[in-house]
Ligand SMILES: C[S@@+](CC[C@H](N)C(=O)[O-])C[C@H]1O[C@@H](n2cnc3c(N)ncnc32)[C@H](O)[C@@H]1O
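The form predicted on its own is given below as one chain in structure tokens.
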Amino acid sequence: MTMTPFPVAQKKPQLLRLHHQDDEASRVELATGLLAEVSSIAPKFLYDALGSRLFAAITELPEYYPTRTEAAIFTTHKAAMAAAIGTGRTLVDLGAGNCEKAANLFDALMPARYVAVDISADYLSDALDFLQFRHPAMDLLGIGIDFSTTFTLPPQADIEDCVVFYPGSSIGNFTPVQAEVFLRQIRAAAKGGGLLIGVDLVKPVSVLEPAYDDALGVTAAFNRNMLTISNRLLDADFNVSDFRHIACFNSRESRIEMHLEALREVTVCWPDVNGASTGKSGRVFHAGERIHTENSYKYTLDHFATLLHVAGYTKIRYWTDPNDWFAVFWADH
């Protein structure tokens, strides 16, 4: 007689919505950045629904090496990673998005629990529902929160002795000083846990710059879409055609910089915003003047290992691709 196994009862993912869009704060932040001596827009304003889709398209471009190179490192070395990290721990995924990067490690790390952290709770909700279907017995928790300035999670996260997963080289969006602070915050919050993090490495400019300025112009559209977002949030009157996308490697700072450069003299106006430091309601951009929109710092292996040591991690190892273009670090106490 053949026995039919009982189906595994499917759990339901939990979702905490802790981030709430503050439109007035966004207006003040945008106006303050635009009116600064060196005009800037924070990179978080790259991502609306269109911006997120454009970035997804960027990751498929032949010039954009980070996504596929990191994925190949995980494919090649995930057994060694599991041996170093251990199995059965809580996996905390920062900037989880669709959760696929973390899910691809489930077979190796066999997490007892998965905590997905992202600024967009709605995006997490759909991703976690699909992930729960694939892993019906796993405890799943989604936390919609902005961790870009301070890394703090609610008590429900319960991340003691966890594995914090921060792939995709997002650490490069912080200055090295900011990165050290952020890494210290992760170490303190994880209460004895470790960190599995993707880091983009220094490489020839002939490889770096095309990754941020592709031939099809997808990255240019991604960057210039920030002006459309600013128009919507700030009620500004940017004309996208007045600006061009610039991406260049600053060798002194070891970072890729993205800018929007005015093609001609143009005046941009917006309603007065309470809290804007100068009280102005617009700015003249001269031809060639730039709005700084994003940095992406590139590290050597030794530099990033030192940064981890300074942040308090003592056991550090890493895996790279054959070209040493990208690295995945495991840092523990």
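Each form is matched to the other, and the largest set of C-alpha atoms that superpose within 1.5 Å is called the rigid core. Residue numbers here begin at 1 and follow the sequence given. Just so it is clear, the structure is predicted and the values come from calculations on it, not from any experiment.
As for the form predicted in complex with the named molecule, it is not shown, yet the points below apply to it.
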Indicate whether the candidate residues 180, 194 and 309 are all in contact with the named molecule in the predicted bound form, with contact defined as any heavy atom within 4.5 Å.
no
Of the residues 131, 96, 258, 159, which one places a heavy atom within 4.5 Å of the named molecule in the predicted bound form?
96
Using a 4.5 Å cut on heavy atoms, which of 152, 76, 175, 170 is close to the named molecule in the predicted bound form?
170
Using 4.5 Å between non-hydrogen atoms, is residue 118 touching the named molecule in the predicted bound form?
yes
Are any of the heavy atoms in residue 44 no more than 4.5 Å from a heavy atom of the named molecule in the predicted bound form?
yes
Flag residue 253 as yes or no: does it have a non-hydrogen atom within 4.5 angstroms of any non-hydrogen atom of the named molecule in the predicted bound form?
no
Using a 4.5 angstroms cut-off on non-hydrogen atoms, would residue 148 count as touching the named molecule in the predicted bound form?
yes
Partner-proximal stretch of 31-39, 44-52, 298-306, 285-293 relative to the named molecule in the predicted bound form, 4.5 angstroms, heavy atom
44-52
Examine residue 123 after superposing the rigid core and state whether its CA is displaced by 2 Å or more between the shown form and the other one.
yes
Classify residue 176 as shifted (yes) or not shifted (no) between the shown form and the other one, where shifted means its C-alpha moves by 2 Å or more with the rigid core superposed.
no
Rigid core fitted, then: does residue 145 show a CA shift of 2 angstroms or greater between the shown form and the other one?
yes
